[in-house]
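The chain below stands alone and is given in structure tokens; this is the form predicted alone.
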Amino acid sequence: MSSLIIDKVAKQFAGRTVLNDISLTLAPGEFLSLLGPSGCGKTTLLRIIAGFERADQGSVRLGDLDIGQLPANRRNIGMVFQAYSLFPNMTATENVRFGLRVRKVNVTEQQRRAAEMLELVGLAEHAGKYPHQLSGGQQQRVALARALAIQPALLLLDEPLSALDAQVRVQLREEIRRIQRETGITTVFVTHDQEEALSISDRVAVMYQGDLVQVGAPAEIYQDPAHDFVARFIGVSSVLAGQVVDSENGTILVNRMRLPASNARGIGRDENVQVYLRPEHVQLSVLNGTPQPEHTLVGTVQERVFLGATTRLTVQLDNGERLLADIPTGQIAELDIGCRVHAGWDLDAARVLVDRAS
């Protein structure tokens, strides 16, 4: 197992900054996902690690070795691409053996290692089949076995599941995580799919417009976004405009109501902020003439979307903003479209971030 240290890596293409001073460290055996939308720089960073691109500045170290100037074939890195990239005229075994053959490993060891890797990915009984005889998921398993057969110090996966259908994607991502744990190999997984990243990673590194905006455990990224892009990109959130009226006690003004918010402390007084709320944290109650509960907003149910165990309600607040609420399906009988409601949430549930556009 090797550590990976990326230090102040920058890259431009035709004068446009693609990576802006990226620094990131992976512990030996760690599984990290680079997550972000198309064009954010995540694949360029992966290609720099792999040796397919050269950084304009900064360094990349694998264990004790500075690999930044080494050609790709001398970096001891295994890579799995979005396209399966298998040789169509070779069997699964021959594809897995290919990298070993190039490295002039003896034939007996090639055969042993290929059989071991195909067993690891659950394809031992398909060893003699050609790529056209395998499903997409099976072909990607062969590609994974081929990358692992050379016993790399680092495994890179570039959107390896994006060409597969939804059910196969879930199955294969779980297999990738199982195999990574069994082998203990340090792994970087590139994806634009937040569910993939959150479900299988030790840590997630979120990229946006060439910057690394937050790195943390999946639960931290979801529950405590440190950047407004992360709050919008990860999961589903309602966004309410607010203003800090008491930074010492963490009080904000939302929809002309003063609401406490613990994580508004430390933000300057009169600062414009955005309040991010996950739908599962919002509670609704019917407005039936009783006094309005403390720290709640008033609105009208506009939409109901059945999601199975929960139903997602869209509430049009009286100031025109929209609020999403996920309510257990068995508890929505009175919350019909057109119903007037109180909307509230636990004080610690709201994530308050400075409105950088203001």
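Not measured: the values here are computed from a predicted model. Residues carry their position along the shown sequence, with the first being 1.
Below, we refer to the form predicted in complex with a small molecule, which is not included among the displayed structures.
Using a 4.5 angstroms limit between non-hydrogen atoms, residue 40 touches the small molecule in the predicted bound form. Looking at residue 18, you'd find a heavy atom of it within 4.5 angstroms of the small molecule in the predicted bound form.
Taking the partner from elsewhere, residue 202 is found to have every heavy atom lying beyond 4.5 Å of the small molecule in the predicted bound form. Although the partner is absent here, residue 159 is a contact residue: one of its heavy atoms lies within 4.5 angstroms of the small molecule in the predicted bound form. Remark: of stretches 301-309, 59-67, 30-38, 327-335, the one touching the small molecule in the predicted bound form is 30-38 (heavy atom within 4.5 Å).
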